[in-house]
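Just one chain is shown here, as structure tokens, and it is the form predicted alone.
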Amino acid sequence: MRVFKLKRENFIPFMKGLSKFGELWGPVRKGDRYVYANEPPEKFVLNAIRTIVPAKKFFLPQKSTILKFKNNEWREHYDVKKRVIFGLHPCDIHALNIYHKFYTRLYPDPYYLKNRENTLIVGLSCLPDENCFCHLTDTETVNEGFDLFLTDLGDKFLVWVGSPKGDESLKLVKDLIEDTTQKDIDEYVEWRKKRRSMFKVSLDLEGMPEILTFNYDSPIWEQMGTACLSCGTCTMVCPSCTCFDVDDEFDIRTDEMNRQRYWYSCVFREYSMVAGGHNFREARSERLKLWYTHKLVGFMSEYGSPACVGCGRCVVSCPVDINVITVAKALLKEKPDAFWARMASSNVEVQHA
């Protein structure tokens, strides 16, 4: 993998040069949080920790038209724009790699593939806050899944080239980059040591698939179901969730129809409803168990890695503090405040394998 140096004063011209590839998107502040926005690079926040909604929205939008019915026939509909997405952290790129596996292996999704083909992914290094746990999921660094990746070393960036598309895009900014020196590499090594020391979450996730499997029938799930609001926030902000639903919008005046695909959630009651009004996951506890089993067990057995990347979005977003960390602690016989107090007050006996 090739690596170059970009002086900090050349960052804005560098991003403006890349914008010749397509629309430029990056993290900007929205209140006390961050979102991806199509703004000039001067507005990008380089120390943003996590965006509210992850970058998956660029590859399969929250709602999109996939088919149009007109003149008695269906036609595929694509709304694809060339984009440069800047600011993806290593955990978010790992999540896109998970997304890529899901949407390309068994049943390649043409909508995802067209968006991916027309997107230049430019990653950015980050320093963790108290909710990051990517060091526990081995996703704090990344070696694939990006076109370019910038490591912020203060007065300069190291620019890693991760694909032929990224290599080609550097021709747009070739006058702004330089070769690296041994001093640059030494600074990078020290930066990695500093970053590793900044993680605050301490939890043993090793063996979690087996531990979760052993506790599949534990009363803990019932207590979580009591606390859970079934709002679906955890699934909407999760960068690796893939569930969607399809609906037809019909205009009786014109005999035209749009088939829409939109994000959906396995924690919604209607998600598991089938013909006749039957629901094989009526209980919220069963739906929660499905989500965590998929994240920590099911995806690993199918693709060889868990579907959690430690980004911390579920930690900061769940209004009742049910997330990967609190669930893992409960399964490890610790006592997260989120739902343990209710368990104690309801006299539910906690059993562990």
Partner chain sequence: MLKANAPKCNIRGNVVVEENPYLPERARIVRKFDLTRDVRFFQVRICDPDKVMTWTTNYKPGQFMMVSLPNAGEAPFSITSTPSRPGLFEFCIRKVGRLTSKLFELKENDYIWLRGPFGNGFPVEMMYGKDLLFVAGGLGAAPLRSVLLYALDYRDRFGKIFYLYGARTPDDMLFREEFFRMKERDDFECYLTVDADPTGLWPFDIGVVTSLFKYVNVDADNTVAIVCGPPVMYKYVVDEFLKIGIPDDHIFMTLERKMKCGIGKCGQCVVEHKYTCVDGPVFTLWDVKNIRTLI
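Numbering follows the first chain given and starts at 1. Keep in mind that this is a model prediction, so the values were computed, not measured.
From this point on, the text means the form predicted together with the partner chain, which you will not see here.
The contact residue chosen from Glu190, Asp179, Asp247, Glu144 relative to the partner chain in the model of the complex is Asp247, the criterion being a non-hydrogen atom within 4.5 angstroms. The contact residue chosen from Phe86, Phe102, Phe157, Phe199 relative to the partner chain in the model of the complex is Phe102, the criterion being a non-hydrogen atom within 4.5 angstroms. Using a 4.5 angstroms threshold between heavy atoms, Thr213 counts as touching the partner chain in the model of the complex. Although the partner is absent here, His135 lies well away from the partner chain in the model of the complex, with no heavy atom inside 4.5 Å. Interface residue remark: Asp186 is not counted as part of the site for the partner chain in the model of the complex, having no heavy atom within 4.5 Å.
A residue is said to contact a partner when one of its heavy atoms sits within 4.5 Å of a partner heavy atom; Val45 fails this definition for the partner chain in the model of the complex, lying far away. Using a 4.5 Å heavy atom cutoff, Glu76, Arg261 and Val274 all lie near the partner chain in the model of the complex. Heavy atoms within 4.5 Å of the partner chain in the model of the complex belong, among the stretches 123 to 131, 76 to 84, 144 to 152, 200 to 208, to residues of 76 to 84. Of all the residues from 85 to 110, those having a non-hydrogen atom no more than 4.5 Å from the partner chain in the model of the complex are Phe102, Tyr103, Thr104, Arg105, Leu106, Tyr107, Pro108, Asp109, Pro110.
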